[in-house]
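One chain comes next, on its own, written as structure tokens: the form predicted on its own.
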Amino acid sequence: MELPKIDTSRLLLRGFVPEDAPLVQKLAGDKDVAFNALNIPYPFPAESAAVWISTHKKEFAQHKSAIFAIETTSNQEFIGAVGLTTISEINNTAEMGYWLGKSYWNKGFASEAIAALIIFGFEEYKLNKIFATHLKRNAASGKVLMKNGFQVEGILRQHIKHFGKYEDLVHLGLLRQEYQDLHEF
């Protein structure tokens, strides 16, 4: 079972291939990217990108995750990742995560990729809820999620230790009904 391709006006969301590993290593290995993301280690260990990519097909086939590479359509440039993880078929929920290389921040790419993944999650997986978290100090990430209809559900105080400091985590959610109401289905 192959991950589908999703086209937006400026982006292509596609499955990762082994050849993406060096670019994942480079972009995710940027200290600022790791500092603002929850699950990207710094320094980024050699070979971790290849190992991470090698898990995607099996996890997708098992309905555990759907992780997409984000590529620009203008020049087929790899710029980051967006995905649904911890997919629960019992609860019809999934967690959304994303990251972009630093030079692609503040260009609307994250919002565009998230919007496409929301449609995929609600239409293909028939999810009832998509949730996400971000570091409280990373307000830009919260703005991107809220722009796509997510609502803050709470703050988990000092929930994780990130770069040696306890950090608050903002938890957001988007329900199928809210999405349908926004898009008048």
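Bear in mind that the values here come from a model prediction, so they are computed numbers and not experimental data. Note that residue numbering begins at 1 and tracks the sequence as displayed.
Below: the form predicted together with a small molecule, not depicted.
Margin query: Using a 4.5 angstroms cut-off on non-hydrogen atoms, would N138 count as touching the small molecule in the predicted bound form?
Written below: Because a heavy atom of N138 falls inside 4.5 Å of the small molecule in the predicted bound form, the answer is yes.
Next item on the list: Verify the contact flag for V82: yes if a non-hydrogen atom of it lies within 4.5 Å of a non-hydrogen atom of the small molecule in the predicted bound form, no if not.
Entry: Contact check for V82: no, nothing within 4.5 Å of the small molecule in the predicted bound form.
Note to self: If we define contact as a non-hydrogen atom of the residue within 4.5 angstroms of the partner, is F109 a contact of the small molecule in the predicted bound form?
What the structure shows: F109: yes, in contact with the small molecule in the predicted bound form.
Next item on the list: State yes or no: in the predicted bound form, is some non-hydrogen atom of K129 no more than 4.5 angstroms from a non-hydrogen atom of the small molecule?
Entry: Although the small molecule is absent here, K129 would stay clear of it in the predicted bound form, with no heavy atoms inside 4.5 Å.
Margin query: Only one of K147, K64, H159, K57 gets a heavy atom within 4.5 Å of the small molecule in the predicted bound form. Which one?
Written below: Checked against the cut-off, the match is K147.
Notebook entry, point to check: Heavy atoms within 4.5 Å of the small molecule in the predicted bound form: which of the stretches 117 to 125, 30 to 38, 43 to 51, 151 to 159 has them?
Noted result: Of the stretches listed, the one contacting the partner is 30 to 38.
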